[in-house]
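The chain below stands alone and is given as structure tokens, in the form predicted alone.
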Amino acid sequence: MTQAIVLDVPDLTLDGLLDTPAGRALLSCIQCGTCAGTCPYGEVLRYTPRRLIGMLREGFIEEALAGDDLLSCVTCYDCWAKCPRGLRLTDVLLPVVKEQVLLRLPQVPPELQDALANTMRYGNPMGESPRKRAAWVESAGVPVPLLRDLGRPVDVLWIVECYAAYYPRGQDNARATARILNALGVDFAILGSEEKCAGECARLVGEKGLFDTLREQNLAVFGKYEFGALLTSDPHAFDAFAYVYPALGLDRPVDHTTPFVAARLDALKPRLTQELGYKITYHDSCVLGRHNHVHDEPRRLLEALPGVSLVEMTHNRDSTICCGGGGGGMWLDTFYKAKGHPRLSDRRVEEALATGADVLAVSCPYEVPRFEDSLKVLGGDDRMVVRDVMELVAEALAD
């Protein structure tokens, strides 16, 4: 499904970076500046990947570690996607540098600090009780079994993740996904209170210690049960399970709900009979789209829905505009505003509104609140709604 590479050095540090093949490859940077030119915050980011590599070569990297500039990197994978050398900028270079930035900051931005502290204490950035993680199941309207209650192996362990489990609009995604999995006859279960955040955004923002704790806890829980494959509703969790956890012992196939359901569209089509009548534009997420090249699958699902017309934004597929939420960006809006940075989700919503669509479809739980807030700020919430692809598919399902 993807051309990304398993991170074979999961415990990489800045001090040991150039002792690894992936680190040494960075020194082949030709200083073309593509990474700076393509970065959504390139006009405000002083230490672009090109400059960081140059500083590494000359031994001046301490200068880049002394401030908070690199918190403006939202790990959108655009520099990685467009690098002519294919250098692993987003998943190798930037996390190890940002880890040192965080360690040196006199004060971590409060909303980021709260999210990281909550994740450490409660296993989710909202600070919600783990006991409430499966509370949404009561309103699902279909069976959603807990793996610990089944007492048997399952084909699919569904990792719901934090925003879909706790955030009210994210729960719409969870309920919709549960309906679809039941309609397809998938043998699945969830972990409920045993599930914790996969930790990928913590890793990419530079909190490697928190990521290490979360992956150890998650792998311990996975080891308690028998299941055939992992399925997740969150592209960031997908990346963690597909590219980082394997080097740490995870040996199960991993999929995201959107391509998973798209692969079973023929079986689902006879049930998709409810006329929707929507004009939809689809936003390609940075992680699912640009990093994993999952572009056609969500569009196939949307085009299969009765009464739907699909229109494209100017920037689509690998040229998508980042929502600004990745790599900890969803916990740094106040920080960005104080610095006068443009709000990336506003840029994307302006482009979506220009299509004349009445629905902005997404496949990432971070994007729903970000785009809904931008619609309100821009005065477009009376013209467009934000819906996850799974919500739209479930709406078209006959009872």
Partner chain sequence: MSAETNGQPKIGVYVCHCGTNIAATVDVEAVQEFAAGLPGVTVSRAYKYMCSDPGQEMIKEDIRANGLERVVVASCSPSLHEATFRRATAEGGINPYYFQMVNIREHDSWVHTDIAEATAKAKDLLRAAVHRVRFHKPLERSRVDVNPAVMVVGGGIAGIHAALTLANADKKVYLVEREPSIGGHMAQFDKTFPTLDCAACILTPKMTEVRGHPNITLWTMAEVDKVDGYVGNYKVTVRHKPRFIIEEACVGCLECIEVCVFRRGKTPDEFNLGLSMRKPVYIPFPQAVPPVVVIDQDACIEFRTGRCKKTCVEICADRNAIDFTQTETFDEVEVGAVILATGFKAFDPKRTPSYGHGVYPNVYTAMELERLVNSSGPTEGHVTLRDGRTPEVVGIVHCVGSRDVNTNEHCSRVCCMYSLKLAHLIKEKTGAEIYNFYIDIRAPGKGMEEFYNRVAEEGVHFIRGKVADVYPEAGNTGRVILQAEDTLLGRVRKIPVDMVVLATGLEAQADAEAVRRTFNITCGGGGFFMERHPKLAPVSTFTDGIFLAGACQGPKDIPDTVAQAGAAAAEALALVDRGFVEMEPNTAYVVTEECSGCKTCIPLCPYTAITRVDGKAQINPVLCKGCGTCVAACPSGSIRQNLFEDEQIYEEILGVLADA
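Residue numbers count along the first chain shown, from 1. Values in this document were obtained by computation on a predicted structure and should not be read as measured data.
Unshown form predicted in complex with the partner chain; subsequent notes refer to it.
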Per-stretch contact check against the partner chain in the model of the complex, the hit in 314-322, 185-193, 269-277, 68-76 (non-hydrogen atom, 4.5 angstroms)
314-322
Using a 4.5 Å heavy atom cut-off, which residue among 353, 36, 64, 56 comes into contact with the partner chain in the model of the complex?
36
Contact residue in the model of the complex, chosen from 252, 224, 121, 85 - any heavy atom within 4.5 Å of the partner chain:
85
Non-hydrogen atom within 4.5 angstroms of the partner chain in the model of the complex for each of 143, 148 and 392:
no
Counting only non-hydrogen atoms and a 4.5 angstroms cut-off, does residue 358 reach the partner chain in the model of the complex?
no
Answer yes if any heavy atom of residue 50 is within 4.5 Å of a heavy atom of the partner chain in the model of the complex; otherwise answer no.
yes
Using 4.5 Å between non-hydrogen atoms, is residue 343 touching the partner chain in the model of the complex?
no
Can you tell me if residue 81 lies within 4.5 angstroms of the partner chain in the model of the complex, counting non-hydrogen atoms only?
yes
Stretch 19-34 - residues with a heavy atom within 4.5 Å of the partner chain in the model of the complex:
30, 31, 32, 33, 34
